[in-house]
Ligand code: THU
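Quick setup: one chain, the form predicted on its own, written in structure tokens, and binding and motion questions come after.
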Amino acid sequence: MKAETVLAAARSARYRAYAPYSGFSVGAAILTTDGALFTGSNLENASSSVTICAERNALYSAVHAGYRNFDKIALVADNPAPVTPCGSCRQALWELAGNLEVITGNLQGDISTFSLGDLLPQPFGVSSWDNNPLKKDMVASDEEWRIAVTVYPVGYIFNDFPPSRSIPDNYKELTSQVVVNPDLQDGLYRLDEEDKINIISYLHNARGYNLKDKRSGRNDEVYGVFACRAPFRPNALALSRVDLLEVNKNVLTVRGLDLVNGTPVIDIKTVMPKKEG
């Protein structure tokens, strides 16, 4: 994944910062060597010692998700010059992520790049990442499946369906575009050979759910949430099968999509062919 993409994720993470005391919002994004991306923002508190920086927020989320090897971290703040991590973040990064690349930027487009070793030439405590026991694989357990899974979008939906309204009744006849992250464009190679594809998305406007409820699409009869396509679910994921009309670089034109404009796309998959006989 390109540094620009990680930096863009950090810039977006700023919008989830909670910084009422300093007014200084920071966003961070850390990239694992496996290509997983985790974001974080600074979360302040009236008791200043409880405040957590964006860099540690992203780092701790990644470590908790089971990742131990990291490639780079990016951070963005609205500052005349790109800011670098504070001392506490440098120390935390060194112990948990090693001598990774640090990319800093501001809203004006200025970018600076460092190695963590340059920013923290004499770290406290652990001097060698290779000797850090945290690098060892976690021991799997019967309960590990309960740990929250982190995913990040591969693209987004662009169409004329405003998020504040319901999907048009004739959506099956209408076209939409799936805009894929340009860094992932090679993953679309030969997708144009398909007539239909599955779009897996995150319903970012959905909040809450009932395990059993009346379903308007099923004559108001009561169904379990796993027995229908209700958008309000324990995990707000949607699977949409659409007609693939065109692949133009990183943009797919599809027909029959039941997702509003701006919906994050989690994955794109082909449709399994029906077995004959």
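Note that the structure is predicted; figures quoted are calculated from it, not measured. Numbers for residues come from their place in the sequence shown, where the first is 1.
Quick note: we don't show the form predicted together with ligand THU, though the next part is all about it.
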Quick one: from L252, L37, V242, V26, grab the residue that has a heavy atom within 4.5 Å of ligand THU in the model of the complex.
V26
The one option of T84, Q91, T175, N106 with any heavy atom within 4.5 Å of ligand THU in the model of the complex is T84
Within 4.5 Å, heavy atoms only: does V247 come near ligand THU in the model of the complex?
no
Even though the partner isn't displayed, in the model of the complex is C53 close enough to ligand THU, meaning a heavy atom within 4.5 Å?
yes
Should E44 be classed as touching ligand THU in the model of the complex when contacts are defined as heavy atoms within 4.5 Å?
yes
Please determine, with the chain shown alone, which of 229-237, 214-222, 53-61, 29-37 has non-hydrogen atoms within 4.5 Å of ligand THU in the model of the complex.
53-61
